[in-house]
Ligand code: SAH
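One chain is shown next in structure tokens, namely the form predicted on its own.
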């Protein structure tokens, strides 16, 4: 799978030396010959830098995979690197049957995502360079995991920028349309073909346990989707209202509640912003509230409007809290940085006129490693707050 070397600028080389695996098209001084694949990389002075995945049509032209210029990028290499990623997840086996096995750049496997749902895998190959190693990756995953089947969820928009077709297709075996997930004692159904992300939101697993452990009284789960937070809230709260604008998503949430034998979960199909405003007009109050919206900031230009939306939803949620009530607020927007997230919560508390006390800050779990020198590996942040008045 070797290609002629790519020559990169000193600026591009410095980016690698500082721990970030991407080199952009503007820093490729001399592209390699041939199609996408793995290529050796040198800087303009002739210094060997290692191996990278080469995507000729992408703005991210090179993704570092090995800093050893003498490495051999073959089936054995992929097997060893994937084995390292899987070993990291070993502690999760006693807690859940679903987790992320590979978190792209966070595991030194750029543009590769692999999620496990019980006995099946869902895989995303998100760059042209990576796609050329599909066979090697599939062989290694099949050998290492013993999974009965795997599905390629290659329907992400990023594949357009790589010049790759989009689609959902089997890699091996047969993957069910629904898979039951067990998460810290709570059961829910994942939808690997049609669900958000690869079938379920695995990255909030530990946050759900955290909030579920302190939930009490009357609880509210906003942007509930399939009810993952609501299910954990229901274990301790007296009553839980799961709010989402999607009827089909709430139908799955109700199904999940039944799966666990919960009779204290009610689903409300509504816009979350309007639901909160109506609740305030009616004098409603809640003891536990979860605000876990989709990414309001899809890109940098959308950030100012997103910050206003985050502030608005959190401000209204804070107003609805009883004294001593708890709010868990989260953001999965990469462009809303941790400092901006914290500043937004401060502004919301000031606007709500509530004395909000920090109980806990949350980030990404073990299976979604956030590398300090690769900001793009980190996107999820959350805060558990208590209304002290």
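Keep in mind that this is a model prediction, so the values were computed, not measured. Positions refer to the first chain, counted from 1.
There is another form of the same protein, the form predicted together with ligand SAH; it is not shown, and what comes next is about it.
Q. Of these, 90 to 98, 133 to 141, 171 to 179, 272 to 280, which stretch puts a heavy atom within 4.5 angstroms of ligand SAH in the predicted complex?
A. Answer to the contact question: 272 to 280.
Q) ligand SAH isn't shown here, but in the predicted complex which of 302, 246, 264, 154 has a heavy atom within 4.5 Å of it? A) Exactly one listed residue reaches within 4.5 Å, namely 246.
Q. With ligand SAH left out of view, which of 103, 316, 159, 208 would have a heavy atom within 4.5 Å of it in the predicted complex?
A. Result of the distance check: 208.
(Q) Using a 4.5 angstroms cut-off on non-hydrogen atoms, would residue 229 count as touching ligand SAH in the predicted complex? (A) Yes, contact at 4.5 Å.
Q. Taking heavy atoms only, is residue 196 within 4.5 angstroms of ligand SAH in the predicted complex?
A. Yes.
Q.
I'd like to check something about residue 225: if you look in the predicted complex, is any of its heavy atoms closer than or equal to 4.5 Å to a heavy atom of ligand SAH?
A. Taking the distances in the predicted complex, the answer for residue 225 is yes, it comes within 4.5 Å of ligand SAH.
**Q.** Partner proximity in the predicted complex: residue 77 to ligand SAH, non-hydrogen atom cutoff 4.5 Å
**A.** Residue-level check for residue 77: no, no contact with ligand SAH.
**Q.** Partner contacts in the predicted complex for 282 to 297 (non-hydrogen atom within 4.5 angstroms of ligand SAH)
**A.** Heavy-atom contacts to ligand SAH in the predicted complex: 292, 293, 294.
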